[in-house]
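For reference, the chain that follows is the form predicted alone, supplied as structure tokens.
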Amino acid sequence: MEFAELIKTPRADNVVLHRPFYPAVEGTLCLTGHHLILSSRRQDNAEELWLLHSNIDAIEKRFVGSLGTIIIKCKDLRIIQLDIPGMEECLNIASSIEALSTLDSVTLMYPFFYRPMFEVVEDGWHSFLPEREFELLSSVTNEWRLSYVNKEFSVCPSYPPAVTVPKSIDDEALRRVATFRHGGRFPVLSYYHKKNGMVMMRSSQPLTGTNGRRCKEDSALINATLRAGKRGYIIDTRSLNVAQQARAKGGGFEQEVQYPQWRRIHKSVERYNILQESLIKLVEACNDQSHNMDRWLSKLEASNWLTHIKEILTAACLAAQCIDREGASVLVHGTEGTDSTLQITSLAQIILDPRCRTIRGFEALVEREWLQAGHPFQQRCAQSAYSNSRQKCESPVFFLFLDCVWQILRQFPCSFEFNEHFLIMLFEHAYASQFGTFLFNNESERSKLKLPQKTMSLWSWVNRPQELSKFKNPLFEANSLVIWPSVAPQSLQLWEGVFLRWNRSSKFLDEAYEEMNNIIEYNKELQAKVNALRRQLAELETDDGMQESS
């Protein structure tokens, strides 16, 4: 298929663009295979807007006489309005945008056509391979090994080719355990706590069914993580009721009779369409400027977004507490182990591990616990908060994780190397990007379509010094301690930087942030001068001492 077939009207003149915080601009609208471009009539012909079609969530059309208006609602929650003279032109452009923003073939998307204008210093596709992560682990313990049992993606289609498992468990045992776990997702290492050697593993639900099916290799695998005389905790992200209902469909949970050294705790975390509906309600409330205070607060509460944040953070804190304070190992799973499980394991690591609070450490965490762990980004991020075409796969699981990270960052503003802009950038690229990092649902799909050869990694762009400087937190001071966020309702706040950024100007906040940066830089300069003067003083005192002794 040629893009030209979908573009009925490639260009329109005298189009007026309305967007948040900018004056209306008249110019020429151009449609390409991947972008909607509006160029103003200014002498320098500076482009006023470049919008990826993949960032378009929904469009609406209105007509007053022969003047047509297209309202574009974006996945990054922006709303843009285009006034187009001529009804036919407007209809043609609207239908072209609809077709180009809902392409069936992923290989027609922009990352496969994008060519970077910057020098690629680091290939992000190779920055966080499992082998590199395993090197870090093997420097502190020799109880684990890197298994390539899944190198052809035949044991578990949603796992990467290499996974970390206990050294005492061979590949044949792993194959047997895979047949006992939903989707073949056998327990693998998620995190090793250097302080006490305790670990966090993740998997999917066991397929016990109504007959109470058993698998001795499964017990042996998770028991291999326990110290002598110690118990472990299984954190199931479903309610007990939902877990029991799963048995009727062939799923289930670990029975204490078969896993006597493990205590099972149910911490219900919502998933799928419940989260999607929550996002839709929240964005609708944020965009409605006509509320009085009571109506705004009731709509915010009705969305349940902050309730979901509280549930996720509470479960993550529990996992971290079991490891750090109870000195126990933990296994986390829900049903598939690709959504709420990953929220819990990754947030627990942010609480426990200072490395995950650095920029590269956080990138490694996203790679390890989300991309390589098989979170289905293509399905979950297909639509954002505005789309009318609902499929049951969309869900803001990764978005909620980023919001939880922001909540912790807000409570510990000096403990993170990255700032809020870094989290917002990840949210935007998960939904629409020129990079291939968040395409497809797992490593198997990315490998089949040769993404590392055909597309650019987001990390190749982010980790360039000129980009990194935008994402650095000026208040950062490395903190080697475990950080315990408060999950009390009054401690959790609406993430204004995302949900209100298109509704009210951040000009004054940006100015304050810049002033804070200037003060911190000036303080560093003064500190350097103080250190230099101290050195000079020490040298003078040394010289005086030598003269007196002579």
Partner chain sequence: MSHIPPPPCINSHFEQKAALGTLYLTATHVIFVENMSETRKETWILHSQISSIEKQATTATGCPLLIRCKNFQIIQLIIPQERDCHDVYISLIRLARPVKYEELYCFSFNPKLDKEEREKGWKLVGLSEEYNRMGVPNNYWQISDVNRDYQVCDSYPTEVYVPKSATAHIIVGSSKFRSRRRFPALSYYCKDNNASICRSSQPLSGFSARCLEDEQMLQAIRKANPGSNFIYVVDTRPKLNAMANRAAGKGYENEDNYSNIKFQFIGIENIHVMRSSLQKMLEVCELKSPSMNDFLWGLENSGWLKHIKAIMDAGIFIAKAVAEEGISVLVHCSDGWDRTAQVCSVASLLLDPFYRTMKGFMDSYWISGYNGNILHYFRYGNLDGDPKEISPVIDQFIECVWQLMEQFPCAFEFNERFLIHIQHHIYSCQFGNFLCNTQKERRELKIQERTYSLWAHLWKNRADYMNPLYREDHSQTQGTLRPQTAPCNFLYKFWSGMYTRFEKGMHPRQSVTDYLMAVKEETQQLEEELEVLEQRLADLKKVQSNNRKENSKQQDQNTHLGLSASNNSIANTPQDYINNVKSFPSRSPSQGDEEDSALILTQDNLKSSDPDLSANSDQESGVEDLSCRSPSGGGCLPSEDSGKDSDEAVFLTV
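What you see is a predicted model; the values in this text were computed from it and never measured. Definition used throughout: the rigid core is the maximal C-alpha set that superposes within 1.5 Å between two forms. Numbering follows the first chain given and starts at 1.
From this point on, the text means the form predicted together with its partner chain, which you will not see here.
Only one segment in the set 133-141, 184-192, 159-167, 473-481 has any non-hydrogen atom within 4.5 angstroms of its partner chain in the model of the complex, and it is 473-481. Proximity to its partner chain in the model of the complex, defined as a heavy atom within 4.5 Å, holds among L439, L318, I80, I359 only for L318. Between the options H266, H429, R271, R247, the residue in contact with its partner chain in the model of the complex by a heavy atom within 4.5 angstroms is H266. Not one of N14, S39 and E284 comes within 4.5 Å of its partner chain in the model of the complex, counting any heavy atom.
With a 4.5 Å cutoff on heavy atoms, E122 does not count as touching its partner chain in the model of the complex; it lies far away. Contact annotation for S127: none of its heavy atoms lies within 4.5 Å of its partner chain in the model of the complex. Among heavy atoms of G212, none comes within 4.5 Å of its partner chain in the model of the complex. Its partner chain in the model of the complex comes within 4.5 Å of no heavy atom belonging to V64. Taking its partner chain as positioned in the model of the complex, the residues of 406-425 that bring a heavy atom within 4.5 Å of it are, in sequence order, R410, Q411, F412, P413, C414, S415. Core-superposed comparison between the shown form and the other one: the C-alpha position of E514 differs by less than 2 Å. In the core-superposed comparison between the shown form and the other one, A24 has its Cα shifted by less than 2 Å.
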